[in-house]
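The form predicted alone is given below as one chain in structure tokens.
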Amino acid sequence: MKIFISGVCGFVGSELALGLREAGHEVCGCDNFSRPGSELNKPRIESAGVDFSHGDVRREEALERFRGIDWVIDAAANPSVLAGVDGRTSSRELLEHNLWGTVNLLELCKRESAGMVLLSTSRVYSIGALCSLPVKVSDGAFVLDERGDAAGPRGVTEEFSTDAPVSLYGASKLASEQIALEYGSTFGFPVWVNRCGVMSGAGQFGRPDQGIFSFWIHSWARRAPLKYIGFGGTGHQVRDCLHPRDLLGLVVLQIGRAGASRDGRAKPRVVNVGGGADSAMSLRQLSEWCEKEFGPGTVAADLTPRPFDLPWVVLDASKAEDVWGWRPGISTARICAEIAEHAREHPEWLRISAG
């Protein structure tokens, strides 16, 4: 099959490209290098045989030369929850990247009769509803204090509220999901939407609003300043994590099978894709891991709340397991060890990817 990947030089896009090439697929893609550090992945993917084009999915003409496509993987986005409000990019630019770029890719799918895999985010879930979940502190981390209708010990399910506010970033991805599903239904091509948790691994760009595990480990290794922001300055806030090689396993299933589940029913088009409770870790627990790996460090407390920060976000990926037979296999310990090795080998990484 011939697979097009947008954002093909990004952390996730490049890992998917390399994995799909290894699996024997023809892979092409484009990237506009808007994310500092992404240009470093260009030689890697080209040496693996990926047909790369420097282009921006916001421009229809950037996609014109790509023909004979069987699947499109939409991995291009501004993935920061602070995008549109932090002064780095405007709200209009955010929507152009994350929404209009997806529309152009859907037009490519329509033209080529290709399927789409849309990489979405856990940030589509309601901030108010997530902040209202009852949590308690256990072993240096927030844990869910009681089960709700759409959240339990395994995490937040796909039925959890997506009511506003979800941030401009979350709204752009939620709108992209709906438009992608409508295109697929109207024009008769398959669409799979994967709501991904925190993607983590070696080579991830280190910014606190996009790749907290990488940022924290690289910062600790360099003795760069770190802060527990909000939530009493305790570092109890929790996220789960997922390696892109585990995501690759699901994508391979999605592009290689028919749209019926194992019991014959139509597969759900939207699934959570995260490491779940088994991979969940608080910042305080991550600091303890870093201390064992690199020695003592100092983390300051900043009690000032930051917009869109959440105390506990863990994705329940049971639906992906039930309908695709998929489960993540790379543990948080392995992910952290991989990032730590990368931090030792690339002491300049924070500077490269901090833009």
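Because the structure is predicted, anything quoted here is derived from the model rather than measured. One rule holds for the numbers: they count along the sequence shown, beginning at 1.
What comes next is about the form predicted in complex with a small molecule, which does not appear here.
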If we take heavy atoms and a 4.5 Å cut-off, which stretch out of 52-60, 282-290, 326-334, 295-303 is in contact with the small molecule in the model of the complex? 52-60
Contact residue in the model of the complex, chosen from A83, V156, V117, C196 - any heavy atom within 4.5 Å of the small molecule: C196
The small molecule: the contacting residue among G170, P79, G235, G276 in the model of the complex [heavy atom, 4.5 Å]: P79
Indicate whether the small molecule has at least one heavy atom within 4.5 Å of a heavy atom of V271 in the model of the complex. no
T121: heavy atom within 4.5 Å of the small molecule in the model of the complex? yes
Do T89 and the small molecule come within 4.5 Å of each other in the model of the complex, heavy atoms counted? no
Using heavy atoms and a 4.5 Å limit, would one call C9 a contact residue for the small molecule in the model of the complex? yes
